[in-house]
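Before any questions on binding or motion, here is one chain by itself as structure tokens, the form predicted alone.
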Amino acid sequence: MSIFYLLVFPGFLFLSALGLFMEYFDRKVYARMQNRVGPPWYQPLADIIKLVSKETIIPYDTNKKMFAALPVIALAAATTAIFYIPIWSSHALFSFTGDIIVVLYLLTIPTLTFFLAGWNSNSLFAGIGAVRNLTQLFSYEVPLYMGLLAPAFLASSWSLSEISQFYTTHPLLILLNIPAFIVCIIAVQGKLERVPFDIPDAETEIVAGSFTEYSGRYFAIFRMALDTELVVAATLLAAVFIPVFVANPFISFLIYLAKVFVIIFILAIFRSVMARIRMEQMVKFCWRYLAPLALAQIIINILIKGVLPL
């Protein structure tokens, strides 16, 4: 059964299929916002098949084993995180006290692999992209962590399952975390390196950033890791900030899909109406506005926790 969970549902096959479809949905919304038709539903899958069929070229002066392993590590880390997040019920498949920290750690690994991929490529453009990856990591990561931990303080738990159960029992308190939700939506946009925070892979400046030297199946795996990370990040936000579950697992799963669609739709709209900013603007915005707002949310939740008999 563990192999089924890992390879089929909610593991690799499910996340791959949902990730490809969400990429299509994101690109379609982005295109319609620009008065374009957008790609057909099968385009993301066609892109992956095309990449896999192409020749894989590894730069001569790189660590070839690391070059090949990094995409797999990124995909594996993003896939593993889904097992600790509630999907069709308020109980995750695997749950323990402190699993929210593990999920945040696992979602940090793909960004670190992007940095190592660029740095190991020994390419000018890839090196610049790698440095930007790491710089941006130190910008959005703190507000994202603080925004997700604020609801945990109010729920008095570091378990995503227990947090979801708490807000399912106290639904009105969900409204209290709206500022944290806004912080996390913006931070996730930066984590996924989407406009306006696509500075690390700004194709008009540095080709493809950290992925400049990647091609063929290795680049395809990185693409799959990005799609998987998008779904897992949306699932995490849905579990913490929109914990809506019902007794029927099938209906609850449909509600989960609807929540993920809503969050990715918000990210797509955000991407459509913004222009790329510079790296120093990203750093200043995260530390001047997002981090203080997330800190204020934590303080408010702690005070309310001390006043209300929860």
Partner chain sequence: MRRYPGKIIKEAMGNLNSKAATNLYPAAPSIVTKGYRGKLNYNSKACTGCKLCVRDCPAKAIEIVNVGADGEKIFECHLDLGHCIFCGQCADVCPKKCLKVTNEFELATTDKSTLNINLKEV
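Not measured: the values here are computed from a predicted model. Residue numbers count along the first chain shown, from 1.
The form predicted together with the partner chain exists for this protein as well; it is not shown, and the discussion that follows is about that form.
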Option touching the partner chain, based on a heavy atom within 4.5 Å in the model of the complex, out of I255, I264, I242, V29: V29
Contacting member of M66, A46, M274, V283, with respect to the partner chain in the model of the complex [4.5 Å, heavy atom]: M274
Non-hydrogen atom contact I269 with the partner chain in the model of the complex at 4.5 angstroms: yes
Contact of A247 with the partner chain in the model of the complex (heavy atom, 4.5 Å): no
Contact test in the model of the complex: M33 vs the partner chain, heavy atoms, 4.5 Å: yes
Region of this chain that lies against the partner chain in the model of the complex, out of 247-255, 51-59, 36-44, 66-74 [heavy atom, 4.5 Å]: 36-44
